[in-house]
Every structure is written in C-alpha cells, then in structure tokens.
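Just the one chain here, laid out as structure tokens, in the form predicted on its own.
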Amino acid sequence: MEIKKITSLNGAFTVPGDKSISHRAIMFGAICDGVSHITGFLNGADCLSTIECFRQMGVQIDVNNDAVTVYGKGLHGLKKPDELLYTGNSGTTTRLLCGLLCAQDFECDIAGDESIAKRPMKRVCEPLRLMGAKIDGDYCPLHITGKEINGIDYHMMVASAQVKTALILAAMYANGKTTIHELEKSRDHTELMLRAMGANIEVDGLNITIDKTDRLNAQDIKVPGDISSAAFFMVLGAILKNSEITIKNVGINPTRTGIIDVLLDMGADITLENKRVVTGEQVADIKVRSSKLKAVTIGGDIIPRLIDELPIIAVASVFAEGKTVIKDAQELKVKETNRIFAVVNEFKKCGVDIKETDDGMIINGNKPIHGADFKTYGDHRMAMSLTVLAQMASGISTIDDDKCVSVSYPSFFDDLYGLSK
C-alpha cells in the first residue's frame, strides 16, 4: 500500500476503546454472576478472539458495534470447549486464559497464529505450575488440565501485566493466599476492575495479595479510548507543522502514561483537559500542537508504562534534536515481532541514523529522511508507526501490510486522513 502523505492535522476525534480493558471486561464479565454491559469496546481482531473463546466455553456474548453484553456464568460456570481455543494474534487472550483455565474442571487446548506460536509462554506457565497447575508446553499449542491449585508467594521475573493478571485469575480459585511481588509497576486495569467486581485483592505498592474469591458481581463498564492508539496521533501532531488536535476520552491510567511523560520531556506541546474518572479509570482529553522536540534518554521503571508505545516514540526521536537512547527494553524482542530489530531495520531503509543495542536502540535525530518500501512484519504497531514516519519523508513510501492494523485500530487510516488538511 502506498502511504498517502498529509501536510497537517487539525480537529477533535476519539480513538477506539482500550484494548487491555476490553479484553478484561469480556473475560471478567464471563465469570461474574449477572449481566455486564460494556460500552466503548474495541471491536478489533484481538478482542474478538477473546469473545470467540468465551463463546466456545458457553458464555452468551452479544456484540453491537462497540456495545457488548456479557451474560456471566459465574466463577465455576464455564464449560469444556468442543474444539481448540484459537486466540489468533492475541498474546493477552492466550496468557490470561492460562491463568483462568488452569483451575477449571475440564481440559482444553489453546493455540494462536504463527506469531503467537513464537511468543514465550513459560513466563506465565512456570509460576502457574508452582501453584500446582498442569500445563503442557512452554509455547503454543498448550494443553491445560484443570485441577485444584494452591496459593503461592511469587516474585515476578518480568514486569508484565499479562503474567500478573494470569496469576491473579488463578489465585481467585486457589486454596490459601497468593502474594505477587512486582518488579516494577505494570498496568493495573485487572486490579481495579476485579476489586470493583468483589474480588479479594489488596494492593500495597508493588505487592498484591489475593484470597480465594467466592463470587464476582457483574458491572457496567465504559471503556475509555486507548492511549496506545492515541500515541500515534500524539507524535504526529507534535512533529507535523501547523497541527492542532484534541483526542477525546482517552484513558490516562498512571500505569499507562509514560508516553505523555516522555513527549513532555522532549518538549512536546501537550495538555490534558477535562480530567475525570469513568468506571474507576482516569480519563482526559489530550490536546497536541506542533512542537520542536529534543532528544532524551528513556529507560528504567518508565519502560513498563510505555512498552507498547516505544515504536512510535522511536519515530518522535527521529525528528528530535540530538541523540535519543532507549534502553532496558528487552521486552520489545518478544512482542508480535522483535520490535527492536524491526524498528532499526525499517528505519535504516529511509536514512535514519539508528543503531540497535541489546536492550533498545540509539537514534541520532533531526536529519532528512526519504521514502522507502517498508515491511510491517504483520505487526499492527509497526504498520502505524511506519505510516507516521512516512509522513515526514521525501518521496514515496509503501507498507507491505495495512490490514494488520485491525488488531488494535481498525479505523486508523480513516481517522488519519479525516484529520488531514
């Protein structure tokens, strides 16, 4: 696909619902007592994979655009699926299901697409096995035999909300108490949502304690706009001349706002307006204006707060004055693709001065770039980041796969060109 270029961005709009919250709203609603009404749901491929898996386990789920109704079956109401649970491209679906299904009273198999088959599942299976779970395999396909499990005291090896959530889900079924010690604070949508539903969860800094839960109560959930999707427009609005946009109703959960902190440090003109709390999540409208950016060093405990945004942060760094260093980001290697390699390899094609490191990359910014034929690696965030990068390049650019954006942002190109002037 040839990438159409625009000269500026102007206007107000909304991005699709938060992917992490949409997944969890379906999963947790399915094991609640009662009916959950979800609005603002992300109708993207990953979240639809979650819906299909729970339908296979006997849960009625009605979808009407971004409005979803989940008829909960209770904590012990899921049924054995007749066929393999196929999770598509969704690491969230795959890993969270491991935690939920290891304590059910049936066996099942989980598998995803070619990308999922390469993504490490040992990080979630290993601690679940310490609880007594029977999970065969460290990569998909996985075979899970539900059984009685026990609480543990576990120090996490990686800062991962997916691993944490899988353990929390298992802990709600386990005998005794489970305590999880986080390395660094990762996104906490699970703790917020499950506590509102009645789970026995206590959070003290980096320590999370979960007792066995007897019942979850259905909630109506309004899903805010996904800050990971807003990030592409935050960066483009900052680097493109004569631009001013307002992204409305975006979730600004403090565990997710690393992208805002970094862009502010770089000198971006960003303001948060109309701050409020909606069904337990902090929300705001984000205003972005054209800016002059400077290089920064990004690493340490901010990385879990912006891990999904690092490809688009790398784009911002290309147009910042000076040398940007991204470090402590080894986790990028086990995303939909190795995003360190993918970013460095593709950025070099258009003349970016960029170097790969073991845990990130170094970018010397503010140099002219030219068009190129980019490869997305079937990765939605790479496709959107490269589209933003191409806006600033001389000449023609193409991407080999524009369809992969449907994983998290099906309307990305419509929104992009709808805001162009």
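Numbering starts at 1 and runs along the sequence shown. It should be emphasised that the depicted structure is a prediction, and the values quoted were computed from it without experimental measurement.
Below, we turn to the form predicted in complex with a small molecule, even though it does not appear here.
Of Thr257, Thr337, Thr92, Thr178, which residue is found within 4.5 angstroms of the small molecule in the predicted complex when only non-hydrogen atoms are counted? For this set of options, the contacting one is Thr92.
Have a look at Thr87, Gln104, Ser160, Ser291 for me and say which one sits with a heavy atom within 4.5 Å of the small molecule in the predicted complex. Flagged contact: Ser160.
Among 263-271, 213-221, 300-308, 76-84, which stretch has residues whose heavy atoms lie within 4.5 Å of the small molecule in the predicted complex? In short, 300-308.
Can you tell me if Ser397 lies within 4.5 angstroms of the small molecule in the predicted complex, counting non-hydrogen atoms only? Looking in the predicted complex, residue contacts with the small molecule do not include Ser397, since no heavy atom lies within 4.5 Å.
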